[in-house]
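To begin, one chain is listed below as structure tokens, in the form predicted on its own.
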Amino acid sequence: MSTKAPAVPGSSPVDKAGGAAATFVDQRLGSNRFLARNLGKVFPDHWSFMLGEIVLYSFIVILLTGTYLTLFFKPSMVEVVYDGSYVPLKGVQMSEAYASTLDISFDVRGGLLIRQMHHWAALIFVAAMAVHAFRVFFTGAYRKPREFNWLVGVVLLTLALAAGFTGYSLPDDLLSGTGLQIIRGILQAIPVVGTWAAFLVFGGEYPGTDIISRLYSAHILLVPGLILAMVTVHLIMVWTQKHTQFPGPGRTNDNVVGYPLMPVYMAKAGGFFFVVFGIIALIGGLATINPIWIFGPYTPDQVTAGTQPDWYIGWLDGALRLMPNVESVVFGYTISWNVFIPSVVIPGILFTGMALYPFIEAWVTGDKREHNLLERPRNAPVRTGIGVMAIVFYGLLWIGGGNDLIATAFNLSINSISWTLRISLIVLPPIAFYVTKRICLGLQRRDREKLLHGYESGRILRLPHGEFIEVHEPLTVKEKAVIMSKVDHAPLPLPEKADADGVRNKWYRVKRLQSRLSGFFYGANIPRPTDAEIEAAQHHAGQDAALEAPLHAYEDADQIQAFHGGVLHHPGMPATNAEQASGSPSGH
């Protein structure tokens, strides 16, 4: 029997050809050194980091499906008479944009599936981006050196909303036309330049004949190009900077614990892309979204009953609905505060505050260090409270966007719902902040108790002198590392009004404000136990374990046998009633 000698690595024709090709490229581009340095880059392994991947993969699905749709969509407002497959609209006059959208839905092979995949992918894109932003905010991942990447994320979120609106308006149906009416009203509410801005966007009197083609150009060229550029910048910064990671054993501010890019991370990322693609295809095939044939073509003097925008614009619609009717006449100009404040001022404040928050927090706290280890939300009660307060504010506005549907479904007064939400917008966010802050401090206190006393096992032990104690289990290495990652920050001290020579401090007021804000941010804190306190607590837990050890030894040596259909007996106990009556133990 003969055995085949093992092949020498690199001796096959394929290996030789591959090596020659790699050498050819490396001699011209120096690629081998670049690949050797970067393919081994380590990425941490945590489920929350997949949120950013969902954003990227859903955007790829948007690009693929959108490319297919551009082959059949006609961005024209020229009036035509519909003569397609959808019988209820046959003979109806409509724009060419709406007619081509109907053709995509009913006459193009796979058109309706691709349309719905495109729409669902857009919704998932924005949702994943929002949840990803929550993860970054609540864990402090935006801190130095990642402030610019946070800014890129805020720009991406803004562009995603713009992409959604421009695409939402393209079919020129009655629902999307109502959204265009709202945009026209927002533009006209801008003081001084509002009317000219509306004329510029719509190309004259509303609705004009140019808006669909202009939105189409922005939707397929301008906005996607900017999103692609921002995604590229975001990924480059993630690649060049050290990746953040959650606290755990062996994880510090100076290392990254995880898997290399090749082959582990690339294999997982590739598989996850097909999971996201498959789920979007499944939803697009099973769940109807934006059935434009029900709404009919857009007519400027009509509004769809129960009009609702996509979920990510619902908060803006809610702000418009909840704002009281307030107008002013200044120098002959009417200023509609009821439109300008909720649609321009409030979004401007929210997005500006979101973009500047990393720099504001760094100034308030005086924290200039680099942070590569993420912070648990409970260890930053004020930041977590601010985030929850913003979510509550957004949620109330979002509910306000459906006040008419809520009133109809529950047979309530729409005015009562609106006034309840107006009051709640002022009352509930501060309450949410306070409650969240107290919960975080309670969790900090619980972590301190775990470090000092371990887990409550629920086992009660009676000592020889009659005292009852509860045995505590020590923390695992992982749990201890996570809790010990907490850093106690001291608030900034109050500045001196003048130095030792009596020279007045010209920055005194600014520094005093910074000190007070720092006290607000760091003042409420449960300090982490010292190493000496933790060592003493572990010694106490060891004593409890030593006291309980004989009981474990007795239980391990004990043998339990089943008698009488499941009644348990220990060795030496009577097995029958007769044995018990006679006093003769089992087995004797």
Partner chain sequence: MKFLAARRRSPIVASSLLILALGATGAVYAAVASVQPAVAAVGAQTQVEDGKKLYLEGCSSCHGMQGQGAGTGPTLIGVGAASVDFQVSSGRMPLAAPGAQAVAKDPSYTPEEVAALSAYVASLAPGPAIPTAEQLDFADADVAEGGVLYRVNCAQCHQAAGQGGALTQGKYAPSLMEATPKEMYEAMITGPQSMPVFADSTLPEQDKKAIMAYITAMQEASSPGGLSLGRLGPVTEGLFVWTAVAAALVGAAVWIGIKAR
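Please read these numbers as outputs of a predicted model, since none were measured by experiment. Residue numbers count along the first chain shown, from 1.
There is another form of the same protein, the form predicted together with the partner chain; it is not shown, and what comes next is about it.
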### Query
Based on heavy atom distances of at most 4.5 Å to the partner chain in the model of the complex, which listed stretch, 115 to 123, 367 to 375, 452 to 460, 146 to 154, is the contact stretch?
115 to 123
### Task
Go through 360, 435, 237, 127 and name the one with a heavy atom inside 4.5 Å of the partner chain in the model of the complex.
127
### Query
Considering 508, 199, 337, 311, which brings a non-hydrogen atom within 4.5 Å of the partner chain in the model of the complex?
311
#### Entry: Any non-hydrogen atom of residue 418 within 4.5 angstroms of the partner chain in the model of the complex
no
#### Entry: Residue contact check: residue 287 to the partner chain in the model of the complex, 4.5 Å heavy atom
yes
### Message
Can you work out whether residue 45 and the partner chain are in contact in the model of the complex, taking contact to mean some heavy atom pair no more than 4.5 Å apart?
### Response
yes
### 4.5 Å heavy atom contact, residue 351 to the partner chain in the model of the complex
no
### Message
Would all three of 54, 296 and 407 be in contact with the partner chain in the model of the complex, where contact means some heavy atom lies within 4.5 Å?
### Response
yes
### Message
If you apply a 4.5 angstroms heavy atom cut-off, which residues in 68 to 102 are near the partner chain in the model of the complex?
### Response
86, 87, 88, 89, 90, 92
